[in-house]
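Take a look at this single chain in structure tokens; it is the form predicted alone.
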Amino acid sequence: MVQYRGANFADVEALHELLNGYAAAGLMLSRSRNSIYENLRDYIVAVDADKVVGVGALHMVWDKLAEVRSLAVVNEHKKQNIGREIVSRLETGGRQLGVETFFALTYQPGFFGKCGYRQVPNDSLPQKVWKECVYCPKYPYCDEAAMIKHV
């Protein structure tokens, strides 16, 4: 049975492997161990039999605005609604903090569409959203879809 909880230090290697496996396949941007450690409180993990099988993070960006990021599920656990459950839990936590708008920059707009997000032009997001983009190897030519959800 899959359990959901906040990530901890013991999860970092599994998160690094899962996220960077997706990045190597061109499905998301890579995350360094340092970035995972620095943002560990942002992450929720899905665990099955003591193994991390899914992950997602909610990163606060600006006043009542947060990004859903680093969403990944191991192949053997796809199609079990783990990704949707992680997004739902991230949104619930965000709403408790007062978040009114969630967004994702993604190569998987269909998934986020099923979660109630809608695609918007990338330049419609506030400039504050792009502060970490300078670290991206694709900067300034972003090819991710901007998805947004107001609650």
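Quick caveat, the model's predicted, so the values are computed rather than measured. When you see a residue number, it is the position in the sequence shown, counting from 1.
The same protein also has a form predicted together with a small molecule, omitted here; what follows describes it.
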| item | value |
| --- | --- |
| Single option in R95, R118, R84, K51 placed near the small molecule in the predicted bound form, where near means a heavy atom within 4.5 Å | R84 |
| Heavy atom within 4.5 Å of the small molecule in the predicted bound form - residue from N39, T106, S88, T101 | T106 |
| Non-hydrogen atom within 4.5 angstroms of the small molecule in the predicted bound form for each of L27, L71 and K79 | yes |
| Candidate stretches 107 to 115, 43 to 51, 58 to 66, 30 to 38, one within 4.5 Å of the small molecule in the predicted bound form by heavy atom | 107 to 115 |
